[in-house]
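Quick setup: one chain, the form predicted alone, written in structure tokens, and binding and motion questions come after.
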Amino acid sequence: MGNVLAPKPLLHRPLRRGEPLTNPGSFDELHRKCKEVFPQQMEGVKLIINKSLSSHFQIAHTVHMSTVGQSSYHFNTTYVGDRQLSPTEAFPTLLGDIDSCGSLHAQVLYLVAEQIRTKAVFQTQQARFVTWQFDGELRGDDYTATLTLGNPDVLSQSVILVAHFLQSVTSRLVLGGEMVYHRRPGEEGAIVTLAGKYTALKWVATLNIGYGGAHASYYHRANEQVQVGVEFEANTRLQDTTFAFGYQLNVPQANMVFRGLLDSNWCVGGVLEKKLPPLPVTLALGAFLNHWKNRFHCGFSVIVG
């Protein structure tokens, strides 16, 4: 017989390494996954023609014939530089949009360093400036810090200052906050909002809560064809609470995407998008009905390019 009392060798389990932390993205995109499920409001007839003049320059013409408001025409230009950080990000980027009334909306995005991004936004209403905004964003390996300066006016001593910060606590959990400070003659104040986002394999839950109210959203991907989203918003100043449910149905065999919504204001709606390959044409048909206000509107759009 062998040595029964001999000490058994210790079995060391390999240490489980956690997943590396990634950048949490921008504060404004916390609820993006859920919002993409909901259909965009549309009414009247809209024609959009996109044309790429080169690999850097693109223009677009938009004609909107409205049944509710005033019909309009928009001319849009986009310039994209050579420095590409991802398939959806390239710097510098210049965007401009002018309508038939002479109102202009322009944006300039510039990459100062690998982790520092800046943005300037200008908006006019005919011949009068209504918005001038400057953003600075620092994107680290596991955090994002943003500072926004809106409509600064030295003469009237008015300004809007917004600060955002997001930190990846784990590979799935992101925590952060927002501080909004505004000042104008006879009024000054600040609002602080806390935010959290948890990302699982098939669902994303996000919550913003502060003195002004709360905003919660839940996104779930059931399978490759079905996605659903739920939003809850509460505004303490207006004493108003809304709830909305949206869903997206993809039918890749038919090149179709359907989005629908149902909210607590007794509003239902849906938008059906259909691509027509090999032609670069997308058709969209939408209808929305508000049972509480007994209001119905529908829309049809054609996108070329």
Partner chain sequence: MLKLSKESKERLQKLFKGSQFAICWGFIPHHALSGLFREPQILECLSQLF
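Numbering follows the first chain given and starts at 1. Every value quoted in this text rests on a predicted model; they were computed, and no experiment measured them.
The form predicted together with its partner chain exists for this protein as well; it is not shown, and the discussion that follows is about that form.
Trainee: Can you pick the one in V192, A214, L94, V226 that has a heavy atom within 4.5 Å of its partner chain in the model of the complex?
Mentor: None of the other options qualify; the answer is L94.
Trainee: Out of W266, F258, F57, F243, which one falls within 4.5 Å of its partner chain in the model of the complex, going by heavy atoms?
Mentor: The option sitting close enough to the partner is F57.
Trainee: So in the model of the complex, is its partner chain close enough to R183 to count as touching (4.5 Å, heavy atoms)?
Mentor: Because a heavy atom of R183 falls inside 4.5 Å of its partner chain in the model of the complex, the answer is yes.
Trainee: Should Q126 be classed as touching its partner chain in the model of the complex when contacts are defined as heavy atoms within 4.5 Å?
Mentor: Heavy-atom contact with its partner chain at 4.5 Å: present for Q126.
Trainee: Test of understanding: in the model of the complex, would T77 fall inside 4.5 Å of its partner chain by heavy atoms?
Mentor: Yes, contact at 4.5 Å.
Trainee: Even though the partner isn't displayed, in the model of the complex is N235 close enough to its partner chain, meaning a heavy atom within 4.5 Å?
Mentor: Heavy-atom contact with its partner chain at 4.5 Å: absent for N235.
Trainee: Answer yes or no: in the model of the complex, does its partner chain come within 4.5 Å of a heavy atom in every one of W203, I209 and Y218?
Mentor: Not a single residue of the candidate spot has a heavy atom within 4.5 Å of its partner chain in the model of the complex.
Trainee: Please name which of the stretches 170 to 178, 155 to 163, 218 to 226, 142 to 150 has residues with heavy atoms lying within 4.5 Å of its partner chain in the model of the complex.
Mentor: Going by heavy atoms within 4.5 Å, the stretch is 155 to 163.
Trainee: Does anything in 103 to 124 come within 4.5 Å of its partner chain in the model of the complex by heavy atoms, and if so which residues, in order?
Mentor: In sequence order, L104, A106, Q107, V108, Y110, F122, T124 come within 4.5 Å of the partner.
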